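Taking the form predicted on its own, here's one chain by itself in structure tokens.
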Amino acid sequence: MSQRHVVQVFEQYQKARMQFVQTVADLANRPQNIELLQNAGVMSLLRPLMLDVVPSIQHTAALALGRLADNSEDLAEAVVKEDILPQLAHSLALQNRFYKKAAAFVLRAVAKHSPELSQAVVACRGVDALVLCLEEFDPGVKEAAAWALGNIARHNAALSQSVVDAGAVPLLVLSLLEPEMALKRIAASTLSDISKHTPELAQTVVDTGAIAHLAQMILSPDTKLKRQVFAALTQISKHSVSLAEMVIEAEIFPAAMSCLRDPDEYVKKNVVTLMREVVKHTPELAQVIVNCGGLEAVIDYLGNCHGNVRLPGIMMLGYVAAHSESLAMAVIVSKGVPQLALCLSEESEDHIKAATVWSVGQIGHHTPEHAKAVTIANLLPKILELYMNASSSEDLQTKSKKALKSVLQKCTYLPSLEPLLYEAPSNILKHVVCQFSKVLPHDSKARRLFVTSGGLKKVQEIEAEPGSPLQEYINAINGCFPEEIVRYYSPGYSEALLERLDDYQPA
């Protein structure tokens, strides 16, 4: 057999291996093929090809493996069981850029599924190898490594700490300065995933100067980058007053307000979420956002969106109002209450309604003036209806009850309270009647109105336990009126008159 024949055998074998890995990589792109490939024993066939003498076969085998692991947690677990991870982590430092990208993709695909699989990547020194890739010249390799590190860090604080301990954070911050947009995005996203777990991890990110670099990108023309930048700033701000203050000191506001006019729904949502996380900490931080026109901007935002993206805006108004009477009044003056009433009537999800009811309670519980703003928006009957509705979630019922009680205890605007006399259950009714018993003794006009509107008659019909607080409030109300008027409106009075008529003998 000639040399040419011998060489031809090897060339055919190499072509067959190349065709096999390319075909598997293509098939693995479609989720419907994953189970078929798994049943055909694809993992044990790909494993030796990861060590092939031909580099292009190696990296295509790694690509196929990554796609399989990306689409199936079972196959991601098989990558771990087949002991492929140590081999990948080791070869990351030695191979060309194509292989590095493919290997980082496999680590990312395995890590995304669960903390346990991420821990397997950490255990095989995968994080150290990925951090080395962040120092590569090729931006594609850096991007693949940053993405894999983000998938590891997002699960929990311990895994995030592993990423930090490997020295990833300074290199991720440097990646923010690279010209490639895709790399900037994934670096911001990974910093966000590291920051979200604990104040200490967020502080580590801040200590490397991340806030200043993120702040410079908030007006970037790239939509996806802005989403990630605001998400990262939110994850830093949420932990403590000092971290939120550092974000404010980077002069992100009022510039960020302009992003509330961005066409992208998620950019807007992330800006409002950042505002929510800042204002919740202290009255002073809330005042900074209010002074920047934050309330008007958020109320306007709520009027232009629907569904879950409303949630951070609704909660932001509640957090601002919770701090003080003056901040709650600022929400009222900015026409926040009618907008919350609109949200309550338009939204169908219980968790959004619960947040809205909570915010209304935070606005209305300060003084009679605050409570009046809530009641004239006709919110109390709506909240009562949610509380009494058997299909409302437990959380919605609890928040509705709490909001009703807190607003009622301050409400002295009786025309808004009167409808509740007819609808409220006894545990809410006592708060309604209590407010009448406080106001009526001092307001003759209100007393007259209370009689003519049927309020006094309704109070006489309430069945209260003798000696209960409710009975005491009823007695206090009755004490505001002449005895014969109270008797006239008491149940059974007309029957008693008729009986007297039967017994009456004309002279």
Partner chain sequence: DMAELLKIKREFEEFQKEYYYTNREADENREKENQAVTQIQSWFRGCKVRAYLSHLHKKAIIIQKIWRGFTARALSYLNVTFKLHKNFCNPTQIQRTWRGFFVRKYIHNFYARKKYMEGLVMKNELVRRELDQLEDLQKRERDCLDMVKEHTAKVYQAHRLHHLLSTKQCPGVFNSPFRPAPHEMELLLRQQVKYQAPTRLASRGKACLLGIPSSTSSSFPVTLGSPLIKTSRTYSSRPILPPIANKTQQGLYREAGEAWEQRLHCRELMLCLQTSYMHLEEAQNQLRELEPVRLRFVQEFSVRPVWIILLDWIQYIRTFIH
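Everything numeric here is computed off the predicted structure, so don't read it as measured data. Positions refer to the first chain, counted from 1.
Unshown form predicted together with its partner chain; subsequent notes refer to it.
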Decide yes or no: are Met18, Arg47 and Ser91 jointly within 4.5 Å of its partner chain in the model of the complex, with each residue judged by its heavy atoms? no
Choose one stretch from 387-395, 204-212, 272-280, 321-329: the one whose residues place a heavy atom within 4.5 angstroms of its partner chain in the model of the complex. 321-329
Please tell me which of Glu296, Glu418, Glu349, Glu136 lies within 4.5 Å of its partner chain in the model of the complex, judged by heavy atoms. Glu296
Would you mind picking the one in Val333, Leu132, Ala250, Ile376 that has a heavy atom within 4.5 Å of its partner chain in the model of the complex? Val333
Contact test in the model of the complex: Cys292 vs its partner chain, heavy atoms, 4.5 Å: yes
Find out whether any non-hydrogen atom of Met257 is located within 4.5 angstroms of its partner chain in the model of the complex, and reply yes or no. yes
Evaluate Pro425 for contact with its partner chain in the model of the complex, applying a 4.5 angstroms cut-off between non-hydrogen atoms, and reply yes or no. no
Is it the case that Gln287, even though its partner is missing from this view, gets within 4.5 Å of its partner chain in the model of the complex, heavy atoms only? yes
